[in-house]
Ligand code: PAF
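The form predicted alone is given below as one chain in structure tokens.
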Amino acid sequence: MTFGSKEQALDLARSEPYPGPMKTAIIGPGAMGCLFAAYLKNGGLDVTLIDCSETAAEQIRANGIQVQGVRGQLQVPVAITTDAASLGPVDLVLVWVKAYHTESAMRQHLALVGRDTAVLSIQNGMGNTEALARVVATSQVIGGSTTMGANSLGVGQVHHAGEGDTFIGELDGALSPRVQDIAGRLSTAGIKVACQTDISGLMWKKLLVNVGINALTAILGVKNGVLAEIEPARRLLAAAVKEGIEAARGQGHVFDEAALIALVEDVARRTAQNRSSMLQDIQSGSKTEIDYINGAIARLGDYPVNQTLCDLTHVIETCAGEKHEN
């Protein structure tokens, strides 16, 4: 049974653990989607990738997903389809598309969602869980955060640039059997996941990490580690994060300024060889998620550093897109 609207699915989300193998679909075979798919399938989870491009899907069917990086090399055959209806309702949907595609992708692949389906967002930026809740019941949506880093090397080819911490949680803060079950199964299969009761606060913390790293790496054209090595870059990182902390305080989330800036610098060091997703977008001539990261901060008040980073990224994004078109 599938649902055509949020109202039809309201209050029907499963809160208990899944009784058998957890059938999992991952929407979006980009760097992180492929990374999660490869590790989870290699760890024994029933995983199917969902793509919108049949050409890309055929390539992944033929070659599997190839991962290289901090865990060594791995090639994993993973099922993939462009037709969500052929897969039908699953237990867990992981959404790994760009933030600006979240709602449309969920609507396009709504056939994956049934009575007991949990829909998990561990994406970058703010507003993804809200976008999903416009399509399925809010009670079916689970939030998440990760500091793992990955770069796309081509269709189905991923460089795992850095390990990190991954957390998931119910939006209402409950430590439900469902979310504990999902965390346990993902951890057993190869992605270490912990439960978090304040997932909203953790998603804000992840946003602030991205606020300090993504736009700067995209503008400067550098890997993450450079931001922690060069003093002017560290100052810019700190200035953007400070504004983000102030914006978060206005939304009811209080962070220790010194500790959070230190955390962002530490993430930059731990993922030193990673090209941020925003830098990858600029280099490929793709649209960035700047409006959902630094732009999300700028919209909450007078935050000139984040507004400037947003404006500069849009200029570079436009120029990069025109270059690729030519």
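Position 1 is the first residue in the sequence shown; the rest follow in order. Since we're looking at a predicted model, the values are computed, not measured.
There is another form of this protein, the form predicted together with ligand PAF, and it is not shown here; the text below is about that form.
Novice: Could you tell me which of 103-111, 195-203, 248-256, 210-218 sits within 4.5 Å of ligand PAF in the model of the complex, going by non-hydrogen atoms?
Specialist: Result of the contact check: 210-218.
Novice: With a cut-off of 4.5 Å between heavy atoms, is residue 224 one of the residues that contacts ligand PAF in the model of the complex?
Specialist: Yes, residue 224 sits close enough to ligand PAF in the model of the complex that at least one of its heavy atoms falls within 4.5 Å.
Novice: Classify residue 157 as contacting or not contacting ligand PAF in the model of the complex by the rule of any non-hydrogen atom within 4.5 angstroms, answering yes or no.
Specialist: No.
Novice: Considering only heavy atoms, tell me if residue 166 and ligand PAF come within 4.5 Å of each other in the model of the complex.
Specialist: Taking the distances in the model of the complex, the answer for residue 166 is no, it never comes within 4.5 Å of ligand PAF.
Novice: Given that the partner is absent here, does residue 147 sit within 4.5 Å of ligand PAF in the model of the complex, heavy atoms only?
Specialist: Yes, residue 147 lies within 4.5 Å of ligand PAF in the model of the complex.
Novice: Considering non-hydrogen atoms and a 4.5 Å limit, which listed residue (267, 40, 298, 282) is close to ligand PAF in the model of the complex?
Specialist: Of the candidates 267, 40, 298, 282, 267 is the one lying within 4.5 Å of ligand PAF in the model of the complex.
Novice: Using the arrangement in the model of the complex, list in sequence order the residues of 263-280 with any heavy atom within 4.5 angstroms of ligand PAF.
Specialist: Counting only heavy atoms within 4.5 Å of ligand PAF in the model of the complex, the contacting residues of 263-280 are 267, 271, 274, 276, 277.
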